[in-house]
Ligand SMILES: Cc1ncc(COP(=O)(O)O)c(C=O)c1O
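First, one chain by itself: the form predicted alone, in structure tokens.
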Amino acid sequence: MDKLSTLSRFKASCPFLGRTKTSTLRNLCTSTSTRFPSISLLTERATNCPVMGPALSVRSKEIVAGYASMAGNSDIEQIHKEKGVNIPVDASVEMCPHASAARAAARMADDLAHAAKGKEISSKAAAAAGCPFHKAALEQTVKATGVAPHPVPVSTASTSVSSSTRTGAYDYEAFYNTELEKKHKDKSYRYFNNINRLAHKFPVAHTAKVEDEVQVWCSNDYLGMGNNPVVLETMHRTLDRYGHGAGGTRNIAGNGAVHLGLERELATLHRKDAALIFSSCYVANDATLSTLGTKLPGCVMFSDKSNHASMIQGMRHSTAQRVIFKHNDLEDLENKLKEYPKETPKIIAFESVYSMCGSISPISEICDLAEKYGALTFLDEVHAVGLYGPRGAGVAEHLDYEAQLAHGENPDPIPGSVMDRIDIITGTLGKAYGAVGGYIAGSDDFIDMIRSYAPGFIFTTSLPPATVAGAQASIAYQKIYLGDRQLKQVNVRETKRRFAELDIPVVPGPSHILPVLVGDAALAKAASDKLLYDHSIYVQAINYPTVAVGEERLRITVTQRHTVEQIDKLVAAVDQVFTDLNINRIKDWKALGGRATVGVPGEDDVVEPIWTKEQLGEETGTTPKTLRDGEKDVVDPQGVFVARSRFDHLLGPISGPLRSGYQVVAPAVTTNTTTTSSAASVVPKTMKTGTKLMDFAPRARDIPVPPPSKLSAVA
């Protein structure tokens, strides 16, 4: 009953639905009631409606009656015997679909009954607010009893203070509503779906209703490292030893060994002198560019037109002049650089992989221009770290693939390599590494200068130790194991190929980014909704201002953990949605002259990927195979050993099976009538997060790890 498509049919007849914004209805539909967890917020409100309230009460009773037992225990035992049903000794309600559904129906009926309490007061208040249904019901009561109800004031406890209480003051609420209405009118209002990724079922998540599961196809956790078992194990161990929060800023109690260790890990990843971590890469870019642009005398910043908002804001927050050059246009960049003396401080800020179109910048050529005109290079590798290069250092490393591979874990730079020529590299811990946070890497003095002057670093609470340790474990693991990067690229290529066969318009690019062009904000939102509600596939619509008006799209993220069957389902679902909503395909865009590089006359519909067949292992037959449903993903023992060894000095050596998760097992409690083992029925007197107590046990997802003696340590 909460589906928006159903509700929209009744907007004309229901005053509440008619005056309530679609965005509000959507939130009410998808949000669980805090007081009554088996129903939504919209259903809770509906219990106070004179039309829906009685209908909900009747329907819930019908559902419960439908599940009611039709026989006594002896009869049920006879039915089980005749049908050959054997009930295990430790059987629970959850093991029987009929019983669990009956219990859920009973809970819903109970919640509906409790939610309906106080209905009389709510009805009076609603009548006072102008609901014709409530008003008619009250009029009938007055005629039958001859008694008029006392006036009931409508509660304002949950509403914002209106401007009427501030005579002569600015109407702030009207301002908020006006600004929001602008977003609704131009279809750029952002909707936030309730998506809860499941650690042991990646890439599956549940929605607001725990039992409703969907496949996630737009997460930036590109390699599933947010639930890699060695990462989870490291975080658990760190949490047990150092607790949750960092305790303060880096300068006040928040500068721990794990933070310093992560910065060393990042510096060696990029073969730079030093690195500095921030609460996010947005903050890292903003703080670094604003500090540099303000401190460098007369600085001029050259910014690619498609740069991320964090870089744009950083430049705006500085006192430097900003010059914008066309996206990836070397000629335009050089023409603008020529206008300034070589001795003028300059910064060329650009990205390696542009996340909304999938293009890759000409890094080496930009370095040539920077050297020629005396500029610093500022490279954002946010959508590349972990995904490109033999060690996951990004596109700058990937461009010298063989040399970087041969250099191994040597922290020294390779003179003249593309990565060495970049002055400042920024990256994130929140995408391919599955954590949270951002960082910069560069020379010792540069890092120390930003550490000493950037407010975004100085006045921010330090990242929690467990998060920092998990990030380092993730980076250390990915430095060693190449298979995740390879398989991700294999799956991306296959998905792009399948879409091309169906004439589905994918913005062409050489990277892992898979943007499906829709070209209309409302259509993009509708396509996202249909995929979610009709196919249990979550892909977020991307609208203005993230992309230009008319270039709205679905940005699909393919991971190495998506299976053959999941890819089949995605391709079929997108094809069906394009048909149902009559969304333009490649042939349609060609007829219109093209848009967003799709269907442009004279342009290729496919761009050669940056990963070569040799780098993917195709020539040697070592290319990883796409998983099938039921197959376990690969966890590399060498990567596990190296990641564990990073923390020997802090957490102690560890070997044996991975303990990737810890689960509370409440002790059984014997009462006068029953024996219960439900965790909800009892709270242990002693509860710890580690493994020293018997009430915590590793989950079943354990993998064998060779002892250290059988693996060579990697520096």
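All residue numbers refer to positions in the sequence shown, first residue = 1. Keep in mind that what you see is a predicted model, and the values were worked out from it rather than measured.
If you look for the form predicted together with the named molecule, you will not find it shown, but the lines that follow are about it.
Selected contact from Tyr401, Tyr282, Tyr538, Tyr340, since only one has a non-hydrogen atom within 4.5 angstroms of the named molecule in the predicted complex: Here the answer is residue option Tyr282.
Position in contact with the named molecule when the complex is considered in the predicted complex, options Glu233, Glu351, Asp484, Glu551, heavy atoms within 4.5 Å: Flagged contact: Glu351.
Touches the named molecule in the predicted complex: Gly442 (any heavy atom, 4.5 Å): Residue-level check for Gly442: no, no contact with the named molecule.
Touches the named molecule in the predicted complex: Arg322 (any heavy atom, 4.5 Å): Outside the cut-off, so no.
Contact of Gln478 with the named molecule in the predicted complex (heavy atom, 4.5 Å): Taking the distances in the predicted complex, the answer for Gln478 is no, it never comes within 4.5 Å of the named molecule.
Partner contact for His308 in the predicted complex: the named molecule, 4.5 angstroms, heavy atom: Yes, His308 sits close enough to the named molecule in the predicted complex that at least one of its heavy atoms falls within 4.5 Å.
Site test, Ala432, His512 and Thr557 vs the named molecule in the predicted complex, non-hydrogen atom cutoff 4.5 Å: Spot residues vs the named molecule: no contact at all.
Segment that reaches the named molecule in the predicted complex - one of 404-412, 379-387, 331-339, 641-649, heavy atoms within 4.5 Å: Going by heavy atoms within 4.5 Å, the stretch is 379-387.
Residues of stretch 418-445 in contact with the named molecule in the predicted complex (4.5 Å, non-hydrogen atom): Read in sequence order, the residues that approach the named molecule (within 4.5 Å, in the predicted complex) are Thr428, Lys431, Gly437.
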